[in-house]
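Quick heads-up: it's one chain on its own, the form predicted alone, in structure tokens.
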Amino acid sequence: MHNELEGRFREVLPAADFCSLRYLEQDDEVIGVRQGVVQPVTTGHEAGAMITVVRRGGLGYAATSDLSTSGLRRAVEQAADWADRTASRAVTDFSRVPYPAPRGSYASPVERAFADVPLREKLDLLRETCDALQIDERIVDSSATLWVTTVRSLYLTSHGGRVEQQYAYLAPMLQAVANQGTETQSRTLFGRAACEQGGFELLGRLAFAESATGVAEEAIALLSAPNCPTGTFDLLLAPDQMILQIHESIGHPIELDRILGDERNYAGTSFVTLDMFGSYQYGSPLLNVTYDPTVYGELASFGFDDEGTAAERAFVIQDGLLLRPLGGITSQTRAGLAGVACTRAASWNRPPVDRIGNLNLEPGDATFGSLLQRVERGVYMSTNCSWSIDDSRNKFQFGCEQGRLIEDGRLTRVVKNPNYRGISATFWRSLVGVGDRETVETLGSPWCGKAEPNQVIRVGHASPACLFTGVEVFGGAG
């Protein structure tokens, strides 16, 4: 299929500065059991190609699901027409963008492909897991779900580029909802963020089935827990909350297309400006953040981004200093700044834009116990359940599923409805402790939204537990 498609593409190439074809074929399967009942299995399949043409400084796109020679020719003609129309109106001269001519391939690490696992085996696992959530009559809702996606892509350029990539994504989800009287509480497995690339073997590595009883027990415990206290406290965040903190108050603010204004109509702007890179103290000297699409099995790993730039690990923040934005080759050319390989598209019929990808907070040298011992009075929060942040990604308020008080260096009582608020520009400077590798969790989300028309895409985040001081904390009491 790929060789035939390449032949047709080479046959219809236009007279232009640059032309590319990005073909994508995707299959999805969602299977789940809720309250012991098997839910309808959902499957999806789509395939198509996006043509990009740069001519006379303008840029045009055209997508098509007609992959015949005539279908591709029509798409090329439409994209070339749009390039001509935008030539005198574009935000930059696109003929200056040094589009790579990549050659290579990538494949997710898979030991046992989901397609090779019989449906009965998957359903039996989900039934047993859902049954393990039903530990008490106060569990009023329970579900165990697997969302599996496979993607095959081909990227071709008019100057000889050719890249084939294959992805296997898994998003396993567990939820227990407990109720007693007017009180309802919920616990999940990592807030639905236990997402990675790989095959059926990932479920064993995640202890998916084995985690069910613990998830339900924690939901029951929250029913009788007091509300999280209100005040200014030391705050210890678990990795499954840290990933949201990294995503919203580092990832989105340093997206280069957002800083350039492309997202202001929909996803918003950023408090970060171009002149901050290389000089702005984003956080305390303990803050080290890398953009790394090369991590084995992390959710947003790849070999090449959707403009053909090879994946490469880079520090975006080092010793607290802001170094480089999340911007692909087009945004880098517009801004005159070095960025990273990060442009991706959510589907065959969407153009690539700057995306967060794998954005990871590097571990420090503090054990979890030593982080606790530094706290006389504080709160340990885990598993994000709500978030709100302004359109410049600065002032935020986040909520978690579970909290525990820290008193005199020890974890004590469970508290419900824990929340905290802060300002991105100052919050990271209150980072006073970073957990070691033993505290790191590698997680991800399949639901990062951005761009118009909207593109929901997968992102990966790894983080240790982190300790912040002087944070405004509050609970759910009136």
Partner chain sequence: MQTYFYALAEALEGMLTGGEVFTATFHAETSDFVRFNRGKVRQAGQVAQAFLRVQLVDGRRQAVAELGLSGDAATDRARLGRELARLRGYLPELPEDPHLLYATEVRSSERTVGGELPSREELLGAMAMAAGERDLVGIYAAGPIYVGFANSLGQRNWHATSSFNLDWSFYRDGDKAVKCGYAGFHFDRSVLERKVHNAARELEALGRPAKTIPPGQYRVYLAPAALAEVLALVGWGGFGLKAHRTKQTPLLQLVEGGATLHRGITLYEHAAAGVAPSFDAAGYLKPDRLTLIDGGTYRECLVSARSAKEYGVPPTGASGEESPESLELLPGTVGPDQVLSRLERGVLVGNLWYLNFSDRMRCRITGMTRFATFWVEGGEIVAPLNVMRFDETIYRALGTQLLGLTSQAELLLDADTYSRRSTRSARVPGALIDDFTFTL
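Positions refer to the first chain, counted from 1. The structure displayed is predicted, hence computed values, not measured ones.
The next section is about a form of this same protein that is not shown, the form predicted together with the partner chain.
> For a quick test of understanding: in the predicted complex, does each of 91, 141 and 455 have a heavy atom within 4.5 Å of the partner chain?
Result yes, every residue of the spot touches the partner chain.
> Of these, 275 to 283, 165 to 173, 289 to 297, 344 to 352, which stretch puts a heavy atom within 4.5 angstroms of the partner chain in the predicted complex?
Only one stretch passes the 4.5 Å heavy-atom test: 344 to 352.
> Using a 4.5 Å heavy atom cut-off, which residue among 224, 370, 386, 105 comes into contact with the partner chain in the predicted complex?
Looking at the other structure, the residue within range turns out to be 386.
> Is the gap between residue 86 and the partner chain in the predicted complex 4.5 Å or less for some heavy atom pair?
Yes - in the predicted complex, heavy atoms of residue 86 and the partner chain come within 4.5 Å of each other.
> So in the predicted complex, does residue 207 come within 4.5 Å of the partner chain, heavy atom to heavy atom?
Result no; residue 207 lies far from the partner chain in the predicted complex.
> In the predicted complex, does residue 393 have a heavy atom within 4.5 Å of the partner chain?
Output for residue 393 is yes: heavy atoms within 4.5 Å of the partner chain.
> State yes or no: in the predicted complex, is some non-hydrogen atom of residue 409 no more than 4.5 angstroms from a non-hydrogen atom of the partner chain?
The answer is no: residue 409 has no heavy atom within 4.5 Å of the partner chain.
> Listed by sequence position, which residues of 43 to 60 have a non-hydrogen atom within 4.5 angstroms of the partner chain in the predicted complex?
If the 4.5 Å heavy-atom criterion is applied to the partner chain in the predicted complex, 43 to 60 yields 43, 44, 45, 46, 59, 60.
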